[in-house]
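So this one's two forms of a single chain, laid out as structure tokens and tagged structure 1 and structure 2.
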Structure 1
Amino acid sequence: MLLRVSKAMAAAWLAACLGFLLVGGAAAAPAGVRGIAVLYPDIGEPYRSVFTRIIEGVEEQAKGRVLSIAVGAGTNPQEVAAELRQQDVRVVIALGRNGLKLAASLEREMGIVAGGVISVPDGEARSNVVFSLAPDPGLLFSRLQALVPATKRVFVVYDPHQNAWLLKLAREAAAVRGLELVAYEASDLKAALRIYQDVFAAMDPRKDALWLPQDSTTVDESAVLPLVLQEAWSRGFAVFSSSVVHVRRGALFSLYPDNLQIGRSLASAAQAQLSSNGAPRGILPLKTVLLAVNVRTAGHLGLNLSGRQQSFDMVFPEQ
């Protein structure tokens, strides 16, 4: 379904991609499904609706209400632990970094399924099931080839401390799709800016595209993003992003979370942990996604999207 968004609606949708890392106070909801609980940030609207939607997905998959505890600055970990023991919770679905931090402080025998984070340290990834907010590179590349079929080569600048795990997946996905992935490592903003200048000089707008991952080092919102978007507009090459916020500012497209489906996936993983089979541990890219496209940018690049906009979930510029 095509969605043209007002500024108010856009703010709520963008919150769906940004709200996972914000926190506030504490509250609990009665439980119906035994064995599973959700820890989520206690914050106001429009962010609260994001977590409400995820919890709806959890409960749909679990087929009943789950114990849901809002985590904020005043949350007492001992009280949370006591509530979980009383409800016989054996797997916690932890949303956001604060939810994961609190979950990690609980009893060692309690399973953790994490969501609403982009990445986690290697130790946490190995010991938990982590659903990242970073869109699956294979899905991004497939969408790129559908929108810009002439693309043969993709450039990306990334911080290996944040995204080495994602680039491993990206290399595999590019090879499967016949794309050449040209990846550069940068551990600080100064190095990233220098590399971007080299990338711009090497790019051929007829066959090359630039990918902006969710990376606080190499995709700085104030220094890197305006530079990249200005260069892309003047030289006519496609920029696609792992962040829907960048589409609003001029990137061609992004994939962003389908929150109801995320909840279902988190619940499925929690149910697997409750079973004797268990669930595979590690960090998983975001696969339950929706598509945002900037039609003004598409027009500037000479892309014909007529007849295809019904397949876009969000369209910019806002109307």
Structure 2
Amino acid sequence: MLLRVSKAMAAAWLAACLGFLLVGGAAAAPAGVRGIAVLYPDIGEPYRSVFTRIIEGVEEQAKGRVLSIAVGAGTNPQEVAAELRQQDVRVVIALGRNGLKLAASLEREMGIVAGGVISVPDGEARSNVVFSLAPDPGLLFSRLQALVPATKRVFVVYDPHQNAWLLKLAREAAAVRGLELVAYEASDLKAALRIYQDVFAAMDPRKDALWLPQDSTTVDESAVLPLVLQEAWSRGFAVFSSSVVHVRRGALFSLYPDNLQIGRSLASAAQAQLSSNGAPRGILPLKTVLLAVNVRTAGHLGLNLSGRQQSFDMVFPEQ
């Protein structure tokens, strides 16, 4: 226990040092790339490394250090705004919830490219471009069809407040790929559980699969996930998820973000805004993804993955 704490503390200390370097370095010499800054949450692991990787992608794409500002609970928005003005920043790459909230308080002239979030309220999506961490349903369905070719119908239970935009894309993608998407809305956990009971009753394991989106209401990890995984194991139907964590616990596969590539995409979008090239608006699903597969679950489902494992970016159970 003590060792774990020590490791966590060491990681936090390292992260703090990295944050200092990022902030300090950017403030000291944002050489070459002027006009772009990154606002990212001042947060500990495991999230810090995600944002660090994204920022690396931004810098790779921008070909130089950019002004990176960690946003914590004590960060003063006025000071950040003054710093941005002083550095002549015109486009901000806002990462995570804290980054986006701070960016929303900036002047309207400031261009914002959002990233590092799963979804945003509709208003913000319309005024800015948002690179979501939610994998593109089309990619998910393609992987499903590749891994479980017999799948004809996909069930999903979602909270419309969180994933209405994604379901819209999912319906389109399912239709394109000849899949039937059976989607249920649930605004609380109790309702979701009741729906899941109905779904389980209605599912045909031979041709149906269950999709677990990144939805905090309908995909509760303590109540729903055990129930779903238990049912899937006993009934023998495929469960795929938008979260790589679920794969570790027993879901068949998941697509997860390539953070470095996300950074590059964010930088490209920012550069496009900077150059007034008419960057896109609205929320964009995650296109640059990696694949995680649970081979044990696949084996239980009778899927033959031999010869394809080298194309998986992450395999569970870990070897």
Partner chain sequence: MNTPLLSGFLRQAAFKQQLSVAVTVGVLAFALASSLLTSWQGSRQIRQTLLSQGEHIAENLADQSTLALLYSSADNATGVVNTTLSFPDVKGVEILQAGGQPLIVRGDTMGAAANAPDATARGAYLEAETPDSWRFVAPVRVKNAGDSPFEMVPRQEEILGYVRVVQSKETLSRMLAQIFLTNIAISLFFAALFLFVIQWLSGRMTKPITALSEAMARAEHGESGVRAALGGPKDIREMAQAFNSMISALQEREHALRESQAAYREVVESVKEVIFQTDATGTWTLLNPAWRDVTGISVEAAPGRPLMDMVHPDDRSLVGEWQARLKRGDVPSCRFELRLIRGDRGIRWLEATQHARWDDDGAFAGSSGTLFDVTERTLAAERLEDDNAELESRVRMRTAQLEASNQELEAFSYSVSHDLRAPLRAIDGFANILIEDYAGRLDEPGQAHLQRIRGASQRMSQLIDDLLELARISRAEINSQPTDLSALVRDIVRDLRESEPGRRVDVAVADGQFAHVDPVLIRVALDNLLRNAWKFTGKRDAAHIAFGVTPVAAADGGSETAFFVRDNGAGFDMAYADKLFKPFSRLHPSSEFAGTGVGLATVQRVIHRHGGRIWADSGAEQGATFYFTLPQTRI
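Definition used throughout: the rigid core is the maximal C-alpha set that superposes within 1.5 Å between two forms. No experiment lies behind these values; they were computed from the predicted model shown. Every residue number counts along structure 1's sequence, beginning with 1.
Of the two forms shown, the form predicted together with its partner chain is structure 2. The two forms, fitted on the rigid core, differ between the two structures by less than 2 Å at the CA of Arg264. Core-aligned CA deviation for Ile43 between the two structures: 2 Å or greater.
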